[in-house]
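The data below hold one chain only, encoded as structure tokens and taken in the form predicted alone.
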Amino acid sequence: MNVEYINPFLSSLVNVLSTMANTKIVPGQPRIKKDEVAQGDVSGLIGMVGPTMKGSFSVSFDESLALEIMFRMLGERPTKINPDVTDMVGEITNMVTGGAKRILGEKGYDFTMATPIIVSGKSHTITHKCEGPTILMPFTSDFGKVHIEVSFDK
């Protein structure tokens, strides 16, 4: 998979969480994901299609981190994942993908974005409908972990 496709999502996530939620995340070691089980408790998944590329992106938050981001972005502190938290994860998914779309567009890659799908619950699954490998990138913060997955057709 072309690393040019992946790095814009990494930098966009760091930027969105830093800017919108004043939250610093530290990247870990990327790897190829071998199963469909999400690494977090609440996830946003979005598909992307363009003339030369087809892919999908997901972001999965530990519950503790999602709740902290909710507080930092909206001033609300729910005690568990609720519809407001899942809406926020959907918005973050859109913002990250939109930021990556802008960066990729500057490099000549163009795609349209679908509406994000949000899934929550322990050990929920994320299915990327692409033929290429799924790259899993973990990040840590003071409030929990966030993982992104990026997959594009070969």
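It should be emphasised that the depicted structure is a prediction, and the values quoted were computed from it without experimental measurement. We call the rigid core the largest set of C-alpha positions that still match within 1.5 Å between the two forms. In case it trips you up, residue 1 is the first one in the sequence shown, and so on.
Heads up, the form predicted in complex with another copy of the chain isn't pictured, but that's what we're talking about next.
Peer 1: Taking heavy atoms and a 4.5 Å cut-off, does Ile126 contact another copy of the chain in the model of the complex?
Peer 2: Yes, Ile126 is a contact residue.
Peer 1: Verify the contact flag for Gly121: yes if a non-hydrogen atom of it lies within 4.5 Å of a non-hydrogen atom of another copy of the chain in the model of the complex, no if not.
Peer 2: Result yes; Gly121 sits at the interface with another copy of the chain in the model of the complex.
Peer 1: Answer for Leu104 alone: is it within 4.5 Å of another copy of the chain in the model of the complex, judged on heavy atom distances?
Peer 2: Contact check for Leu104: no, nothing within 4.5 Å of another copy of the chain in the model of the complex.
Peer 1: If we define contact as a non-hydrogen atom of the residue within 4.5 angstroms of the partner, is Leu10 a contact of another copy of the chain in the model of the complex?
Peer 2: Heavy-atom contact with another copy of the chain at 4.5 Å: absent for Leu10.
Peer 1: Rigid core fitted, is the C-alpha displacement of Thr115 between the shown form and the other one 2 Å or more?
Peer 2: No, the C-alpha moves less than 2 Å.
Peer 1: Is the C-alpha displacement of Lys54 equal to or greater than 2 Å between the shown form and the other one once the rigid core has been superposed?
Peer 2: No, Lys54 moves less than 2 Å.
Peer 1: Your call: Glu36 and Met95 CA atoms, closer or farther in the model of the complex versus the shown structure, by 3 Å or more?
Peer 2: It is farther: the C-alpha separation of Glu36 and Met95 rises by at least 3 Å in the model of the complex.
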